[in-house]
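First, one chain by itself: the form predicted on its own, in structure tokens.
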């Protein structure tokens, strides 16, 4: 069965199953969510920073193509392609992935708001003394940059399709020039925008890390290394997701260029995985060895608490050990490298959950958990069915938009295909 057809079926099933959770969120508000006064952030916030990281990582991988002109160097294909056309298609795929995951992230955090209809106030009545206020402006600038850069990346392909596709004709916005000079001009603009986007992506996702890192009341977050860990995690998870997508969708699945591209990305992801492990070891080992209660108690919850298996099984075993083995032992296998990418990308949500929840699950004042009782006054948190179903719906909807883009937009087309 066609791989995209399988993805369509899975996404449609997920959308149908998750629809109940979305209805419950809008019909009953936050009543059926497990977070409360003591643990005010839950699965949706973790999902938001996870998806934002995927977006930033995918975008930064696109700069390998548009800014640094990076490509496999194992030789030309039989057709004479030096890898540039295939990498251009990968760049478009990376930009489109960044757009879709950013949309999904914003939708997740919008649902988490107590009054979603007031979200516009953050943009038009911004408190610039707040890290969160700055983040919204970074997001807006990043979204516009992604849209413009993606349009430039597919503009020439849209013009070529315009004679046969009404959608392509509309999306050209009147552009008709596909001459070598116009294509070269698009590439120069892409390089400029990609160069501007690098500090912007670092700023907005580093800002997410700073949003946690500046909270002095939560010692588990309050660290100068927190924004750096967020950035490296974004590169790792976004790069792993892109590696998986390239391995199963292409461009040029089964060709030598496809294999070379997947192997190249696998090497980059392996290096990022090693760097991420180093940062995590440095952070956790220092906190645990110092044994300062305010810092170490949250870490003990991560390592030995009720949900110890999230760290040891999902994150460490499935998200680090197995992928590392696959990337090293299967470095010549597209399937093994793609599987490693999927495991890293999918299990990285556990990393975000272990950042958000344990720091909130500890009383800020000794005895607080016994001082009051009532709905929401608990330090125990595990996502409810409604929270999980909303996530299923958001991911499924994003997947459907992504697949529709692959179907109706020239995301995976190469310059050689377009010329023919």
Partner chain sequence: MSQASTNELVDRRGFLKATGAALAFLGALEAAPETVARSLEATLPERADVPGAGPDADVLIRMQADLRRALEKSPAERHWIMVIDTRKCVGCHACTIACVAENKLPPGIVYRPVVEEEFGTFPRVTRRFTPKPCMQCEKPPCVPVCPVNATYTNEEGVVVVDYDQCIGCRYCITACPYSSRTFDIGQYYTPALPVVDGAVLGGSVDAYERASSFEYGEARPRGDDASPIGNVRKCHFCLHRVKAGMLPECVTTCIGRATMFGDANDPESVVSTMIARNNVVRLKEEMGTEPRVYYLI
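Given the structure is predicted, the values throughout are model-derived calculations rather than measurements. Residue numbers count along the first chain shown, from 1.
Beyond what is shown, the protein has a form predicted in complex with its partner chain; the following relates to that form.
At a distance threshold of 4.5 angstroms between non-hydrogen atoms, residue 267 is out of contact with its partner chain in the predicted complex. Contact check for residue 381: no non-hydrogen atom falls within 4.5 Å of its partner chain in the predicted complex. Proximity of residue 126 to its partner chain in the predicted complex falls within the 4.5 Å heavy atom cutoff.
Contact annotation for residue 140: none of its heavy atoms lies within 4.5 Å of its partner chain in the predicted complex. In plain terms, the part of the chain that comes close to its partner chain in the predicted complex, with a heavy atom within 4.5 Å, is 356-364 out of 62-70, 48-56, 356-364, 390-398. Here is the short version: of 332, 188, 118, 176, the single residue with a heavy atom within 4.5 Å of its partner chain in the predicted complex is 118. Residues are counted as partner-facing when one of their heavy atoms sits within 4.5 Å of its partner chain in the predicted complex; in 29-47 these are 30, 31, 35, 36, 37, 38, 40, 41, in sequence order.
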